[in-house]
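A lone chain, given as structure tokens: the form predicted alone.
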Amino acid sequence: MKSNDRVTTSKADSSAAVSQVSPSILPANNLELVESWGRASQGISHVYRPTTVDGLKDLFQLARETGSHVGLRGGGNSYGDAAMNDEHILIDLRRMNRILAWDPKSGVVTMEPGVTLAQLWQYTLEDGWWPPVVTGTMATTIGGCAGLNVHGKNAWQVGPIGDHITSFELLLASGELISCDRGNNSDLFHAAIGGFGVLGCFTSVTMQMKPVYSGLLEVQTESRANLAEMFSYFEENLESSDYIVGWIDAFASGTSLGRGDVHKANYLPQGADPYPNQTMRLDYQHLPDTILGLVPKSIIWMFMRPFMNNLGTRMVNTAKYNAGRLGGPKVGRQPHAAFHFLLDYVPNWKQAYGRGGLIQYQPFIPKENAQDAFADILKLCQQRGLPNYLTVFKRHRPDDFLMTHGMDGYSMAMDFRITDRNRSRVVSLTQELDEIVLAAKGRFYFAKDSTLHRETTELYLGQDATEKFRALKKQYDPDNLLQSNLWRRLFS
């Protein structure tokens, strides 16, 4: 698929400063095809993989000399175009992946931006520490997590990852290296976290880890018959849970609308695990490569593909829900990695969606409006014949970052399969969904977005936030050197 065929409907524009000189003089040997994580967007970029801060500075200078601009990419796990920069320089930061400092007594760690969540927890768990916030895959990088201010299944308890970052160093477009924390360069601190990489490049991030006394979590799973029961379960269990996440069957309708399963988990208190040294060992946390020791997980996506249609997914969802109901609530202990990183259970599972890939639409709605808004969203998807194939339900809290998606409310992340036949219909559907979200005073999430328009973005962020962000962009990157497809689509 060509870059201009992506799911988004806004064409990228180059800034006036950049367009004065053609970027075609960049060396062609670095040209690569780059995909969004959901594979619904593709483009060609000049990809570079520096290993040092000096290497980053050299690439910034190369961009100036060639009239190009620079995009930043971590693990490439953004569903949309946040980590894409078509036809210009794209810096892949995964080789800048050193743990720079670790204090096992305090749990404070400093690391380069290319360190992945997998590297981080594997480095600290045997000392009794776990990342305070993790995504559904351990392949995300710390720089990417900070740039998009990711959240986890404990978002209502601990907020996004930015709430646990104590400081960072940021390389500005000018080549200046600047230190930021909540007291020093505070405005930049609260804007660069969640600022999707257009204010500067993180070169080191310092974060406070979470102490744990076992490699296990106490996990309970049970079914809820409809959306009202799902909301009630969350509200009744928030205070007594460390993590809660819901799965919703988006095909169910009528009195069963919003039915699904809920998973809640709690850390084990000190002394509850008789063998903590064993359960916190890395080999204990290892996700198996096979099912029942026989079937390689690397080929499971091939067996999933025939079910990636409305009929097949409806059957799978019905079977999953009914299986969850059998025997009532299920309680057991589960390793941290097994509970958190469900997207890593089946390697390359996204390929099951086919050539067109998928997009994810994740609205955040205040708690007082969320139940009605989510019911309207589920019904509208069904009416348009575009039910989403995977729906994840979470609770959140507000935070003090400038470009935040956080609020005292709920989110519902929905995966939509993209095909040549339904592409325009899905885009039209998301625009209808935007109206529901805005009417409910909701927000959106740049890590997942593929379809927002500039006008919608300014409405949900508010004029004060967008003007402040633009002012900081002008202050710290006056030549607009740092860009991405997302930046041009929503802000340029």
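Note that residue numbering begins at 1 and tracks the sequence as displayed. All figures in this text were calculated on a predicted structure; none of them were measured in a lab.
We do not show the form predicted together with a small molecule, though everything after this point is about it.
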item	value
4.5 angstroms heavy atom contact with the small molecule in the predicted complex for A272	no
4.5 angstroms heavy atom contact with the small molecule in the predicted complex for T140	yes
Touches the small molecule in the predicted complex: G75 (any heavy atom, 4.5 Å)	yes
Close approach of G136 to the small molecule in the predicted complex, 4.5 Å, heavy atom	yes
Heavy atom contact within 4.5 Å of the small molecule in the predicted complex, the stretch among 432-440, 447-455, 460-468, 46-54	447-455
Among the candidates A337, V212, V150, M207, the residue which, in the predicted complex, approaches the small molecule to within 4.5 Å (heavy atoms)	V150
Option touching the small molecule, based on a heavy atom within 4.5 Å in the predicted complex, out of F202, Y410, F374, Y361	F202
Residues G258, Y321 and M414 all lining the small molecule in the predicted complex, heavy atom within 4.5 Å	no
